[in-house]
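Encoded as structure tokens, the following chain is the form predicted on its own, with no partner shown.
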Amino acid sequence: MAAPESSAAAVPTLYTNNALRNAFGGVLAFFILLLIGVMAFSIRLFSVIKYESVIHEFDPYFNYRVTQFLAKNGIYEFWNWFDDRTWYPLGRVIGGTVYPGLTLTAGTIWWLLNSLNIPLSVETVCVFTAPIFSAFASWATYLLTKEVKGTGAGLTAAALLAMVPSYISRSVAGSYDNEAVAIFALIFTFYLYIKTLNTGSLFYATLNSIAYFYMVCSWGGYTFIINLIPMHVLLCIVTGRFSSRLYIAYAPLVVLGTLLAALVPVVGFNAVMTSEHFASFLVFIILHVVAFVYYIKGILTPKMFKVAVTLVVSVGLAVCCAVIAVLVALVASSPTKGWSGRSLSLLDPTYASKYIPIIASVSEHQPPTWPSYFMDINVLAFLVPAGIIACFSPLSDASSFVVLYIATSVYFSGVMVRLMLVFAPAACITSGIALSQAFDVFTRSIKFQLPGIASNTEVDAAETSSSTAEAQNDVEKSEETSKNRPSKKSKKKEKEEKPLPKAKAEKKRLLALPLDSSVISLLLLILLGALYVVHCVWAAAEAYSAPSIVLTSRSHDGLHVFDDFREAYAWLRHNTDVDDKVASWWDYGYQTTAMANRTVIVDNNTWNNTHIATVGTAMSSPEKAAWEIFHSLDVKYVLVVFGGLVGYPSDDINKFLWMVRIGGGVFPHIKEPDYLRDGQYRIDSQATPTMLNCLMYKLSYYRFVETDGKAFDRVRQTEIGKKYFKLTHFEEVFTTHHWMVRIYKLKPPKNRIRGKTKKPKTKTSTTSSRAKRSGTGKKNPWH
């Protein structure tokens, strides 16, 4: 009698211990998440600590300028803002051509802080928006991974994402770009989809649609979501995993999410008219056909069910064929088959280089190299395969989604280096799962073999089995919310094992790894994690913290700072008229407008290929023809970036062939072979006459020989071909300290006429009369 009484008395104690353990684990997980958020925020502050609180890159300056306008003028003025300082003389409707998520988010944060009497400037809010949302993204990763493989995997994945260099590169302090908030929206949308799939809750389905709407507002990469989720739904249907939870997770997203997406002005009817969205509608129809089949199966006899299935399948196929026919008709009416240029570049990596050189010219649209994978995800590249294998044991709806996510993101990251950003969360999730499972195996093996613990194995096994039984009961109570769908055999096996803790403990002991191997493997995993942390901190501090607006280099005599860009923009702001127009290559349009407050011809929006081709043609033309093109556009100043003196490789001479290609795509008289010598791009004595006489060459190398007497280009590692020449239609007005930015002014026609050598009156009058008769003043400068 004593044994039953003691065992009965031990049951409440066991449940109390489990409750305390769970409560302590929850509190510990909360504090770990809090520390992960702090780490994600602080590791991105190197740019502010080492340099200053400044906006980085090119696109962030436009976003900063738009946020300033929003904070000053309000939301209604923002939606109706026509910006006449860009794309002169066309202008741009800002409210209808931007993804407003980032701007509205930062503007709301600024408004809330000022409402609480915290007087931060708009620039400060913009600088720190990305680090703040990186912490949110880490927490969203925890929630997503927890739904797939539990709390341990979630914490590990969150810690990995907080430090992964690929994400740091686009979320350091000052990187005020759309991806700053979009990656959080992407992960959070996936989490809510998995949560709805696991619970079947319409509440989470509604939240999922709202999160998708925020993603649509934030970034054009929302098309990845609206194609990946339908692929997963179709995969579940094909593999026989259809359920009411799947229907609830997907149907509201398509209906409510599409309606909300159409409210975003930059998307509008594209949400239902472009090929990127057609897959979601097709899967939506298939889902309803399958749901109807399952419904009639439950209310009809087997004989009637066969007849009904034949009818439903026939009608469903007819509807699908009709929808496909309509989609094909819509697609066939579009020159690009209903796809955007960037989407076609993802499906066909050679498309942009063949047909849209302006997309191919962007460095972040190029395919990545193998070293870039190691740079951006480091050791995660070796853990991803292990994480994929772990997702199959057991395979659930949630884990199959992770496998599909990692497979698609790997492909897209291999096509476009920018999409390494989409691949990074998937790599962190799978790597977190792999590390968590590995730590669990190794620590359990050590636990079962250390002296002093072996005697308590039976108690531990009993506690483990009871907690497992409790968890299994919770799962059985909400069968619709189960993630792993255990088979009948596994349930029977668990029931048999419940009253046999000793047998279960013995089985675990047999499955345990040798003690030496477990300890060594655990130490190697810790070392691997330490190497990852060191690499991430180095990447955050050195590789990705430097703002492109302020450059630095180290040499034997110390650190050198190159602040030429801000020097040039400050000169434009203080020494030119407010209405003056500045021409440059499109890379510098946003910065010129935001920092110099001057009107530009083209900028980084690249929405008008013809306008960009016009500037490219001017840069590729001889000086006189270029002057005529710029004069017709009312340009007064031309800005070029030159790195030959200091060794800055991202200058206009290195980008010049793209100007030729883009210009030649619209104006056929510009031909790339005219600028190449035997297929090679040269600027030395072997360069072609067309290259040596084009405007870009002259504006870059004017007076360059005066710097060292040899005119040696440190970027191209050669002496230039044409060292001594004069400008006849342009005059140099400003060159920065390190010659990185050079600004020229167009000479007015009268000055050019006065400067010419006087000719006999008869010839002069004859020439002028011929000019009037031929109408040279009205000649089209582009032909």
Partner chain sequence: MGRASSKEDAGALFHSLRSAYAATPLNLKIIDLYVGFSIFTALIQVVYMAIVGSFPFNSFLSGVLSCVGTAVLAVCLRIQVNKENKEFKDLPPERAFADFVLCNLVLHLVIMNFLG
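Residue numbers count along the first chain shown, from 1. These figures come from a predicted structure and were not determined experimentally.
What comes next is about the form predicted together with its partner chain, which does not appear here.
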From the candidate stretches 667 to 675, 240 to 248, 684 to 692, 589 to 597, select the single one in contact with its partner chain in the model of the complex, where contact means a heavy atom within 4.5 Å.
240 to 248
Answer yes or no: in the model of the complex, does its partner chain come within 4.5 Å of a heavy atom in every one of 256, 262 and 272?
yes
Heavy atoms within 4.5 Å of its partner chain in the model of the complex: does residue 447 have any?
no
Would you check, heavy atoms only and a 4.5 Å threshold, whether residue 73 touches its partner chain in the model of the complex?
no
Heavy atom to heavy atom, is residue 295 within 4.5 Å of its partner chain in the model of the complex?
yes
Can you tell me whether residue 252 touches its partner chain? I mean in the model of the complex, with a 4.5 angstroms heavy atom cut-off.
yes
Would you kindly say which of 573, 566, 288, 703 lies with a heavy atom within 4.5 Å of its partner chain in the model of the complex?
288
Which of these residues, 116, 523, 326, 299, gets a heavy atom within 4.5 Å of its partner chain in the model of the complex?
299
